[in-house]
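This document starts with one chain, in the form predicted on its own, laid out as structure tokens.
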């Protein structure tokens, strides 16, 4: 009897041990905790840029309707350095400053001359382009200096520094000042004989004359024209955006990007550029 009980006990013990062994073997380690998911980078801020795209070579529209030009490439390069994006919107010159003031545009780049009067209602970046005015007349004109325009009909683009200069020369009430929506329209009027001269940004005038040889124009410079500078405009008090623009502008000037863009449009680096290759409005 003792032998039977012993065998039964040993059998039960063996079964128990086997069960424990199998249970131990079947036990699974808990799965590793999932790695934390990296948060996606915040999308870049997109700023709306107002520009009057009728001012080649600074801003114009190509055959596809895309806004292109020197100013456009400069701002795109600044945005790339500053880590933000830009969207250009064609904005007529007559309403461009109002669009900025109302918040419809975040910044403006449109060959805008920095003036003390404009500083009262908007803030400007560091200058990015040196500028001056230039007179366009027909090839047979006797005009040799700015003062020679006093008895003549003169075309200007409304609200530009050319408009201001001619108004000072001819007087606020002069009927000889003919104002146009764009400088190319004023130059077309010169070609047809509707005006005797046009005063405008010399980069734009030079570009137009070079690309319209049939117009038989010549240009006249005058030391009386005060040197000017272009700036990128932002709403008054927008210090954050202004700092981004100035930092980006410094960066593209430091690494040669600005010089490359300048040479692409004006044929020579800015340091070696002659005064007649600049412009303003």
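Positions refer to the first chain, counted from 1. As the structure is a computational prediction, the values presented were derived from the model and not from experiment.
Omitted from view is the form predicted together with a small molecule, to which the following refers.
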Three-residue site 112, 160 and 201 fully in contact with the small molecule in the predicted complex at 4.5 Å by heavy atom: yes
Is there a heavy atom of residue 222 no more than 4.5 Å from a heavy atom of the small molecule in the predicted complex? no
Determine whether any heavy atom of residue 129 comes within 4.5 Å of a heavy atom of the small molecule in the predicted complex, and answer yes or no. no
Just to confirm, residue 55 within 4.5 Å of the small molecule in the predicted complex by heavy atoms? yes
Looking in the predicted complex, any heavy atom of residue 145 within 4.5 Å of the small molecule? no
Counting only non-hydrogen atoms, which stretch in 72 to 80, 112 to 120, 99 to 107, 137 to 145 is within 4.5 Å of the small molecule in the predicted complex? 112 to 120
